[in-house]
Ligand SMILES: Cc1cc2nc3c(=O)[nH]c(=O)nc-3n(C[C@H](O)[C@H](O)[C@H](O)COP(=O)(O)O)c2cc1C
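Quick setup: one chain, the form predicted on its own, written in structure tokens, and binding and motion questions come after.
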């Protein structure tokens, strides 16, 4: 007998869909899941920004993105490693709220491997003279005049490695929301406690 339960009412099918969308976002530049909102901070100073999803690993329940060691999110994460990622796909009508515990990798094997895969043009942002968010007297990219005018070689880009970090986000829970005219559906996957349950949307 054919299973007539729609995917959005089946925990295992929902999980398959979630990871298909996350995995696709790593390589698909047009995927809305490629640029989630990342929120971190403490009781007195929460902050959010868009990041680019660089890795999705269902086996270890981990998501990954890159950052600059001089970014103001780094001291926040060192003080409080708990954070959240929010994904939304308008066409799929799916929202994910992912609670994570973050590890900041800097000048280690993880960053070495990721740096080797980082394209020449993507290394540019790590060559700014001062860290992201530094105040400036006039509008500026933060890049030296040489780099702005004449570009930079792959060899010159290596200078940016000292500023390059990889943020590994170990997933604690995923809240999935599906918006449907006939009735929304919502579920929580508690990875830490290996539990799953339905929620009222």
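Residue numbers count along the first chain shown, from 1. This structure is a prediction, so every number in the text was calculated from the model and none was measured.
FYI, the form predicted in complex with this ligand isn't displayed, but the following is about it.
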- Message: For a quick test of understanding: in the predicted bound form, does each of 35, 52 and 71 have a heavy atom within 4.5 Å of this ligand?
- Response: yes
- Message: With a cut-off of 4.5 Å between heavy atoms, is residue 164 one of the residues that contacts this ligand in the predicted bound form?
- Response: no
- Task: Classify residue 172 as contacting or not contacting this ligand in the predicted bound form by the rule of any non-hydrogen atom within 4.5 angstroms, answering yes or no.
- Result: no
- Contact test in the predicted bound form: residue 65 vs this ligand, heavy atoms, 4.5 Å: yes
- Task: Among 43 to 51, 24 to 32, 172 to 180, 145 to 153, mark the stretch whose residues have heavy atoms within 4.5 Å of this ligand in the predicted bound form.
- Result: 43 to 51
